[in-house]
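Only one chain comes next, encoded as structure tokens, the form predicted alone.
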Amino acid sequence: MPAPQQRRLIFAHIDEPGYTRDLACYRKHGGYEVMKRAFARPPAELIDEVKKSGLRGRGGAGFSCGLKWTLVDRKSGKPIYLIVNADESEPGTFKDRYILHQDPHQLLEGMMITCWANNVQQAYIYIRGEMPHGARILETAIAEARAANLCGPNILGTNYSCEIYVHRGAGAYICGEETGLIESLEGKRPYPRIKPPYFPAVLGLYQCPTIVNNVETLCHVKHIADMGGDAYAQIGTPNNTGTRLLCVSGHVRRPGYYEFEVGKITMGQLLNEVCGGPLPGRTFKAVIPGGSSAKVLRFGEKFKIKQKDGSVVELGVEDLPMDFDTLAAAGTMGGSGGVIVMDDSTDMVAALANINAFYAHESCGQCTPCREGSLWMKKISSRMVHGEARPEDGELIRTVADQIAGRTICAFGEACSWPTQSFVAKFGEEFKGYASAPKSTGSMPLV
């Protein structure tokens, strides 16, 4: 079956000739018209539309956006805040950056609809420190919107006011975790908070109810408000509705960013047809489907996947639909949509060494298992690729990873341990034979 065509909602104008990111161009293409109509609707009605849409968060966890909104404590008497997570620090992920750089007003419109629906009067965009140009673009877009009375005081002649601020992070992966982000936004060291009691919907920014949503997620809100939740739910597949931005990097002929209906394209269609297949003379060896923290899949392995009707089918990596539930059933996750492809030239031990070096550097250090364990995994894998491997190192590094996952305050413990657990499980023979095998790092640089 041929790969489906892209369905571009969020990326409708990305890379479109003549499309600029300024307000005039955005309004020429219908920008802020959905927001105007949304402001004429009761906020509760908009929340219900998002719930009916089935939209799941596009930042990594895939949690229901509508459910997250309904959990907000609206009876506390405290102000409600919205924070846009634009930290995008997951290796292999670069979709949000293109939204910010090429269509920032789409994000602002989605934010304002969200703010109106949830009675938010102050919103923040927390942007990754390595994106200074994106921060400047956002500041310009916000100034344009404020001058046009699309944010700020008495928006569109109403009594509703809402300010948007850009906050630049210092460049820390841990700030992608929502409570670590909140701590950083408050000017503190970004140590993730313990949940419970510090669920952002109840005790978030300044101990007030807070909604934290990803850039792509909030862009979808605009399209849901436009077409309605029921119509949006018809896009994609059941429980995996809408479209998904996929970032493909690594050993394919056409890496890049794509947008497809969730679950309508398989891994094989994406890599072979859309991305042009492997590099000349090579074959696919492994793929990480949701950013570097997702568990790796090995080409050739099979998975028993339960279908909606209760039947069980056996699927190979190429046959897996790119949706949240199927990838989870295969033992990995859709995560942030960062698809990292490795061919048969890749030294999997060296690849893991790079990943481990990243997570050891990015651990916030609050939890002992993560602080110490991520460093130990880096030391072991780095030692292996520098000619000092021991036959038992594969098992040793796996046991370290096993002592991290599930023993930390936030999900960073899983993010740093899952790669090691899955690499050793799927490519154990490479780790076992590394001490005696000739060293060939393929296309992966050593750390």
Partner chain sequence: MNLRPATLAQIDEVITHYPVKRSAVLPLLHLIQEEAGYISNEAIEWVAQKLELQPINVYEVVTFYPMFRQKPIGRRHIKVCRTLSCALTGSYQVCEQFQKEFGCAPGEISPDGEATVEFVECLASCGTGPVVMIDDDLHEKVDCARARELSDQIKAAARARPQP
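Small disclaimer: the values here were computed from a predicted structure and weren't measured. Positions refer to the first chain, counted from 1.
Below, we turn to the form predicted in complex with its partner chain, even though it does not appear here.
Peer 1: If you check in the model of the complex, do T93, R97 and A357 all have a non-hydrogen atom within 4.5 Å of its partner chain?
Peer 2: Checked in the model of the complex: all three residues contact its partner chain.
Peer 1: Looking at A351, I113, C219, V84, which has any heavy atom no more than 4.5 Å from its partner chain in the model of the complex?
Peer 2: The residue in contact is A351.
Peer 1: Would you kindly say which of D230, D73, E318, E130 lies with a heavy atom within 4.5 Å of its partner chain in the model of the complex?
Peer 2: None of the other options qualify; the answer is E130.
Peer 1: Does the 4.5 Å heavy atom contact test between G169 and its partner chain in the model of the complex come out positive?
Peer 2: Residue-level check for G169: yes, a contact with its partner chain.
Peer 1: Indicate whether its partner chain has at least one heavy atom within 4.5 Å of a heavy atom of D103 in the model of the complex.
Peer 2: Taking the distances in the model of the complex, the answer for D103 is no, it never comes within 4.5 Å of its partner chain.
Peer 1: Even though the partner isn't displayed, in the model of the complex is Y191 close enough to its partner chain, meaning a heavy atom within 4.5 Å?
Peer 2: Y191: yes, in contact with its partner chain in the model of the complex.
Peer 1: Is there a heavy atom of R136 lying 4.5 Å or less from a heavy atom of its partner chain in the model of the complex?
Peer 2: Result yes; R136 sits at the interface with its partner chain in the model of the complex.
Peer 1: Among 266-274, 358-366, 300-308, 318-326, which stretch has residues with heavy atoms no more than 4.5 Å from its partner chain in the model of the complex?
Peer 2: Answer to the contact question: 358-366.
Peer 1: Need the contact residues for 231-266: heavy atom within 4.5 Å of its partner chain in the model of the complex, sequence order, or none if there are none.
Peer 2: Contacts from 231-266: V248, S249, G250, H251, P255.
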